[in-house]
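Single chain ahead, by itself, as structure tokens, in the form predicted alone.
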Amino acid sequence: MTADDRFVVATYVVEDEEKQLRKRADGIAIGLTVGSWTDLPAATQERMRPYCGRVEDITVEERLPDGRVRARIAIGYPVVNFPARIPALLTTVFGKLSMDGKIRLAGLHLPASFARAFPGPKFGAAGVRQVLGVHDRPLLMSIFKSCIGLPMDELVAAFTEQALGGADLIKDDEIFFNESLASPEDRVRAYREAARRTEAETGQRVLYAVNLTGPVTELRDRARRLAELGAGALLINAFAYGLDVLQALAEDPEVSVPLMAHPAVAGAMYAAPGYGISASVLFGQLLRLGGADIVIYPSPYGTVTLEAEESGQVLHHLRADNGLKPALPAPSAGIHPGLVPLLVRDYGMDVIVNAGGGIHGHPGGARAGARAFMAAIRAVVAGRSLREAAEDSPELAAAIQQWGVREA
């Protein structure tokens, strides 16, 4: 299969009779573009040819016990058929096809010229680091747990503990929608002042990622308001609200802070074998196209896991040279200090160590939990083992006693 900048190429994994593969591939190529072909007059065919999909490749991967085969079918879709909007792209390559039995959108090849028409990350990995002034180590992000139902003074106290422990970023829990005691605007104002106080004490800047909530028609105005008030970043439930919402925020010059995409609801799209859309497309390609500066997704070794090869593909797409800024990966779920060596081994230094229970569940509390992570990060950067570093850090020693160590 040869790359052609005139086509977006979608690769599907299907199960079917081998003799039916070509017919099925032709049906996809024509059905998702011009609709019909052989029954059209020659003159009409000629006019519609630039808009017609084409079969790029058919590869049998496995022969199944029932006599059918598992195969990969690659279809090229002319880029003239859709604008650089994610809903148009997805509807074309997997709209009604997603309901056609056992079929999975496994991959997308996007011409560089087409990818560059999307906003991509506004800050990207380097821009987020520039804002924080941290360039030589993984970043630490604390998930703000135990937040719903708490008054503002308790929230500020909890924020301060996480910041004093050394967190570079503190993000809302994605389920924080209740505004009765602390609206997003009030939280941004209060945490902004708390962050100033902790920075004066520690010399370290901390960014607060506020959960962007409300009716979808009001999100852009609210995002602008939160950015103006001093939010460090915006947390967006991108699959719940819609990827086009993410793209619209990334394209808005008045939304002047990094965008952090949460994967909530995405499991309904990628988790079933043989169906849906691969995680590498969802997290690696679409979120970056849509403008996420930071992408949260399951790690290969936490409590909610993503298979290691798929996780590697996500990382590849977040950093691939496609004309857009690279996004920062934040592999998540069940991360504790003893996993930091694995994170750095698999993701490199340009990674966000993202933890909730690993910080708040520390025996010494959230400040000690963040300090344990920072000790682990410093140790890995220096090439020291965590157990050796724990001799100098009682917080890391307590974390290792509670969760153990998985050295790289």
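Keep in mind it's a predicted model, so treat the numbers as computed, not measured. One-based numbering along the sequence shown.
The same protein also has a form predicted in complex with a further copy of the same chain, omitted here; what follows describes it.
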Hey, in the predicted complex, is residue 76 touching a further copy of the same chain, heavy atoms inside 4.5 Å? no
In the predicted complex, is there a heavy atom of a further copy of the same chain that lies within 4.5 Å of any heavy atom of residue 195, even though the partner is absent here? no
Any chance residue 138 has a heavy atom within 4.5 Å of a further copy of the same chain in the predicted complex? no
Could you tell me if residue 174 has a non-hydrogen atom within 4.5 Å of a further copy of the same chain in the predicted complex? yes
With a further copy of the same chain left out here, work out from 108-116, 185-193, 315-323, 91-99 which stretch has heavy atoms within 4.5 Å of it in the predicted complex. 91-99
Can you confirm whether 32, 51 and 240, the three residues that make up this candidate site, all sit within 4.5 Å of a further copy of the same chain in the predicted complex, judged by heavy atoms? yes
Considering non-hydrogen atoms and a 4.5 Å limit, which listed residue (134, 148, 152, 308) is close to a further copy of the same chain in the predicted complex? 148
With a further copy of the same chain left out of view, which of 227, 71, 248, 125 would have a heavy atom within 4.5 Å of it in the predicted complex? 248
Stretch 58-93: residues contacting a further copy of the same chain in the predicted complex, 4.5 Å heavy atom cut-off: 80, 81, 82, 83, 85, 87, 88, 90, 91, 92
